[in-house]
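One chain is shown next in structure tokens, namely the form predicted on its own.
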């Protein structure tokens, strides 16, 4: 009897993925896969799907286990060596709080919905790709929690992040993005997450921000970030493959895909508003400005690289992209100034940029910072010098779609707040931009249901009518936010440094005692 022939890697992959599929005989395909037809996308041949993962389950698990082993070795070493004392400044922790509260729950939502796609996509190729990404996203959520849990032992503001994600006003921005995506159909979800979130957001978050973690002495976050980035490259490939697969299956798919690209580009870009201020303001030691990151990862790589390739299929650059490009000079300043004014109701602290930081911002934004934003920080500093703290008296109006406070300015005029509105069924709805208004007017029935935190507070649905009532409902504790000019992170930082110094200077214990 001849010895069994050993399969090549490609053959083994095919045998363990596509060859395990079968034709349904006991139930109609429409009943087995009911969600891939109502969006209008026409698929004629699921076998034409090109698999971006090309991993068997055993190989996939082996690679991920190796990465986890290296990551947890770094986490253990960091914890045992009191690595949190090596951070450049305690203010850096505010960026980590925002990351934990805003990003980690999204990873888990992505895990759940890709698991749903792994069941309800018709073809074995996309089902397997969705299964792998589902496991990736669950791993990311777990490793982010473990990475940041060490800081929670020493500093405030990292507790109750899951509870806060569903309630806190600024966290409704990322939450509404994913709520929008997971309530769409499966093909639109692939565009929303695989294209917009993975291509647009991930590069602008993970690459410069994780480099910033390294610059600021945060070894665990840097290690996690680059461990996750190898997965994100596959996720970006999955998003691009989903677009190309739909476009190649039928010409009628092109206008549908184009509308989704237009929508999810703008939704992803508005979500990036939080990332922009993290790069420019929350990192004590800067690695690159938001403007530099946007020009490199969006303008050069996406507009200059991806969209010329998609032009072959009839896809054009996203609607309203010119407004995003124009905002790169002002976006981060407008967002951080707003967070500074409302940080009494946030889970992190905000401070006036130091003189060195303002000098750096003036160099990065020579056309706007000194003229428009440095005077604002001068006024805020004068209030602090007189023993106060500048806060906005009231609650901000929110955009009905992106749920960001109405802080953005008119295209080409950074001195005038942009405000658009539409009437639907006798009610007025307000928007921060032409992009958000356009999105609403395509699907008004969906966005009238938005859970807007400010509206809910005024309706008495957030713990009570006063700010302390709302903060208690958020589970924010004294010192978590910027209610006072100083903050407890600095106090905790000094305490732990003093404790470490005292331990180093203490005499060695006598044997037998």
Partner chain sequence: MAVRSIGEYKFPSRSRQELYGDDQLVHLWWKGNLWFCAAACFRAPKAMSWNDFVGGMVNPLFSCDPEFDAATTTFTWTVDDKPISPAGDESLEALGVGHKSLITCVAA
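Here the structure is a predicted model, which means the values were calculated and not measured. Residue numbers count along the first chain shown, from 1.
There is another form of this protein, the form predicted together with the partner chain, and it is not shown here; the text below is about that form.
_the partner chain: the contacting residue among 388, 308, 314, 396 in the predicted bound form [heavy atom, 4.5 Å]_ = For this set of options, the contacting one is 396.
*If you check 470, 450, 55, 43 against the partner chain in the predicted bound form, which one has a heavy atom within 4.5 Å?*
After the contact test, the surviving option is 450.
*asked:* What I'd like checked is whether 39, 429 and 458 together line the partner chain in the predicted bound form, meaning each has a non-hydrogen atom within 4.5 Å of it.
replied: Spot residues vs the partner chain: full contact, yes.
_Location of the partner chain contact in the predicted bound form, chosen stretch of 210 to 218, 294 to 302, 408 to 416, 140 to 148 [non-hydrogen atom, 4.5 Å]_ = Only one stretch qualifies here: 408 to 416.
*Given that the partner is absent here, does residue 442 sit within 4.5 Å of the partner chain in the predicted bound form, heavy atoms only?*
Residue 442: yes, in contact with the partner chain in the predicted bound form.
_Taking any heavy atom pair closer than or equal to 4.5 Å as contact, tell me whether residue 392 reaches the partner chain in the predicted bound form._
So residue 392 counts as contacting the partner chain.
*Any of the heavy atoms of residue 376 lying within 4.5 Å of the partner chain in the predicted bound form?*
Although the partner chain is absent here, residue 376 would touch it in the predicted bound form, with heavy atoms inside 4.5 Å.
_Is residue 62 near the partner chain? Define near as a heavy atom within 4.5 Å, in the predicted bound form._
No, residue 62 stays farther than 4.5 Å from the partner chain in the predicted bound form.
*Does anything in 317 to 349 come within 4.5 Å of the partner chain in the predicted bound form by heavy atoms, and if so which residues, in order?*
The stretch touches the partner through 337, 338, 341, 342.
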